[in-house]
Structure formats: C-alpha cells, structure tokens
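As a starting point, one isolated chain is supplied in structure tokens, in the form predicted on its own.
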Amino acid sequence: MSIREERKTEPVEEYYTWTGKARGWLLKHLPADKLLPQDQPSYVASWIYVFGMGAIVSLVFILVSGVVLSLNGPAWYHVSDFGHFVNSVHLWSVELFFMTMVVHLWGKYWMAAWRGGRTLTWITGMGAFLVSIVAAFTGYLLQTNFDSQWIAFEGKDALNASGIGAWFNVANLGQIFGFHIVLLPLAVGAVVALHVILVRMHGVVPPIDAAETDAQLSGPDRTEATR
C-alpha cells in the first residue's frame, strides 16, 4: 500500500478550537514531505534553480555580518582592520544577493513561475526584491562618510516632495539606523520566509516544456517516469 493510500484510511481528526484548526490547516498544507522533501524532480538539477538558494545564502551572510557591524558601531569598522574586513563581507554579500536575486527573478519571469496557483509565490518574491532595495538604500546612508551625506541630502528633497519625508528622514542617522538594522531586516526575512514556504507548498515550478510525467512528485509512490 502506498503512502497516499495509507493516508486515506487514517481517521480524520476533528478540530473545534482555533489552535486545533490552525494545527489542522498547517498539517494539511505544510506536511513534512513538502517542507523537507527527500526527492526533487529531474529539472531541479538545472543551473537556473541555483540562484534562488544563492540569494538565501547571501542573505544569511548579510544578516550575520550586519549584526557584527551593528554591535561594534561605525568607529570600529572605519578604523579597525577586522572591522574593514567585516564591512567588506557585508558589502559584497549585498552585491551577491542582488545579483543572484535579479537572475532568479528574470529566470522565473521567462519560466512564467506564477503558473499552477503560484501567483502569491511570485508576488512575495517581487516584494522581497522591493523591500531589499529600500534596505540597501538605508545601508548606503549608514556609511557615515561623504558619500552617505551626499546621498542623504540629494534624496531628502525627493522624499519630501513625495510626502513621506516626515516619516522617513534620510538626514536623521539614528532613524535610518533603526530602519536598517531592525525594521527592514525583519521585513525582508519575513517575506523571504513566506516565499520559501509557498515554494514548498506549491512545489518548484517546472519548465514550460516539462513533460506531464515529470511533475512535482516525490516519495516512494512516485511514478516510474519521474525516476
């Protein structure tokens, strides 16, 4: 008997509280074999599927190096050799993050990655990209050098003209510091986490010309065509 047939014979548990209903929804939509799959379709071996994970790895380096920089402050990463190194790691991780994310987005665009009920997955990917742009902008403002001052005072007039200058003052270093190390990292992390969960829920999008038998099937009960 296959795993799917065994699941059909299992008794259905009734949920009557919000915690039970939440658990039931999670078990239904996020089973362990989807969150941590053991097998993947053959088309995942293509290089175009590497860039999404490359962006996530780059984001991890950004967050770790950013925590070290925020704990030690500008006086440290401007004068210390190790501070220069960590600052460089942070900068080049950001560069790599945007490079891999742009290639990932363009690849998924030409693959029409919103197919098969994956519209929200595509939207969260674009959302992560847009929020990351704002995070990168605030990062440039925290360089505490002539470049950051020039960027701040050139950008403040445009922000004031758009009506958000009262809440987003790029000339206020303390406010930008709070945006860059607290609010925006949380926003990027939350959107990326939601994006990954949606990918696991709906499966990795297949190429447009992929065969029907090479679908998102995994586990012992997959068809012979997916082996």
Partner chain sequence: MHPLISYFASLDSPGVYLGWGAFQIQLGNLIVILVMILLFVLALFLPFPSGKKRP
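Positions refer to the first chain, counted from 1. Given the structure is predicted, the values throughout are model-derived calculations rather than measurements.
Separately, the form predicted in complex with the partner chain exists; it is not shown, and the next lines address it.
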Looking at the partner-bound form in the predicted bound form, is A45 within 4.5 Å of the partner chain by any heavy atom? yes
Hey, in the predicted bound form, is W106 touching the partner chain, heavy atoms inside 4.5 Å? yes
Is there a non-hydrogen atom of V131 within 4.5 angstroms of a non-hydrogen atom of the partner chain in the predicted bound form? no
May I ask you to state whether V102 is within 4.5 Å of the partner chain in the predicted bound form, using heavy atom distances? yes
